[in-house]
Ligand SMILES: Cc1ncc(COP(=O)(O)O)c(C=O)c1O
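Quick setup: one chain, the form predicted on its own, written in structure tokens, and binding and motion questions come after.
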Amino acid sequence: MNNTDTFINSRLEERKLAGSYRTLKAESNLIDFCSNDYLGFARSMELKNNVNNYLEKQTQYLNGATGSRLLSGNTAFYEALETEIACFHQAEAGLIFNSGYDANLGLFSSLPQRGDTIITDELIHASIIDGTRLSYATRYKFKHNDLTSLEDKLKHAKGNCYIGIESIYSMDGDQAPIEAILTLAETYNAKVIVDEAHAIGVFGKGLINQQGLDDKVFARVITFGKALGTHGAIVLGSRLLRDYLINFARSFIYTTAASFQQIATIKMAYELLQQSDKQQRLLSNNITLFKSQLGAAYNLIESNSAIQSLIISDNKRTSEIAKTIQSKGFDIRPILSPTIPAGTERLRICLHCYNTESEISNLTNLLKQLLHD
């Protein structure tokens, strides 16, 4: 075995010993309590039919984009959709990226410069962390949702300062104190960037819109691969920011554009979202049902979102409980360190509009039994 293979093998063995070794799994027939398909759009026959009908009427589109948007991959349809989505979210402009990861990477790596400062919540998305690492700005983390910790970092900020938060956090499912953060940001002349990946759809147009803060945030990242059931993301902000990203965001500039089929699916998903709030109401009822049936006796992180996390602590025990739950027919995945800090290992339970009352009751009863034992 050569040196490189030895290194690779040793790192993988470390993961196995720590109980944090990752593997890919094929789809299962288990009851879904793990996906981000909160409103059921990914499995929606209505959305599928709408997309198929729309594509049948478009006879001139290509199978692929043929290049980046700065070369041959841009279309009037692409730009019109960006305008439509920006208007829906009450933003001045937007720029579509191929994924949420690409959007955060492009935004956070290109905007802050040497001499600037980026301050992010310690539980921020990995894509934002990676984006900040690629910038030359000074980076700070503040304690999760802790305004005192944030202000302490703001006092040390230099140059242009950017605060990165999520409206709904992907691992805890809790909300950021957005208004309070915006007040602090204004005091210290900082710009706030909000990732709305797990809020869009679940909370209508997102928490920024719901709280009437559209004109208060510098930028928003809206992803299409969660409640909208498709793929891709858009950065919302000013027209000036859009022009800047077109010129400097490398994850936008140097990648082939999404296909027409993908962009059309995003358009149809937004149209379906605006037709009815039925799925949102069903999801809200299921969240309430789950929390009431599990009760307050268990280490459930406070959350009103579709993400409900039960802290177990310890990779091995968390994995064993998850395997037992899966053997009973429920698709729940353990979230282990190093994805999250050691000691906060958990069962991350995602609720959906299509989960039935009996499924939720059976799951909560099983959880009580396993956690009591």
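Residue indices: 1-based, along the sequence shown. These numbers come from a predicted model, not from an experiment.
A second form of this protein, the form predicted in complex with this ligand, is not displayed here; the remarks below concern that form.
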The unique member of Ser110, Asn286, Thr117, Ser99 whose heavy atoms fall within 4.5 Å of this ligand in the predicted bound form: Ser99
Stretch in contact, per heavy atom within 4.5 angstroms of this ligand in the predicted bound form, of 203-211, 223-231, 256-264, 184-192: 223-231
In the predicted bound form, Ser127 touching this ligand (heavy atom, 4.5 Å): yes
In the predicted bound form, Ser170 touching this ligand (heavy atom, 4.5 Å): yes
Close approach of Lys153 to this ligand in the predicted bound form, 4.5 Å, heavy atom: no
Interface membership of Asp121, this ligand in the predicted bound form, 4.5 Å heavy atom rule: no
Heavy atom of each of Asn104, Glu166 and His198 within 4.5 Å of this ligand in the predicted bound form: yes
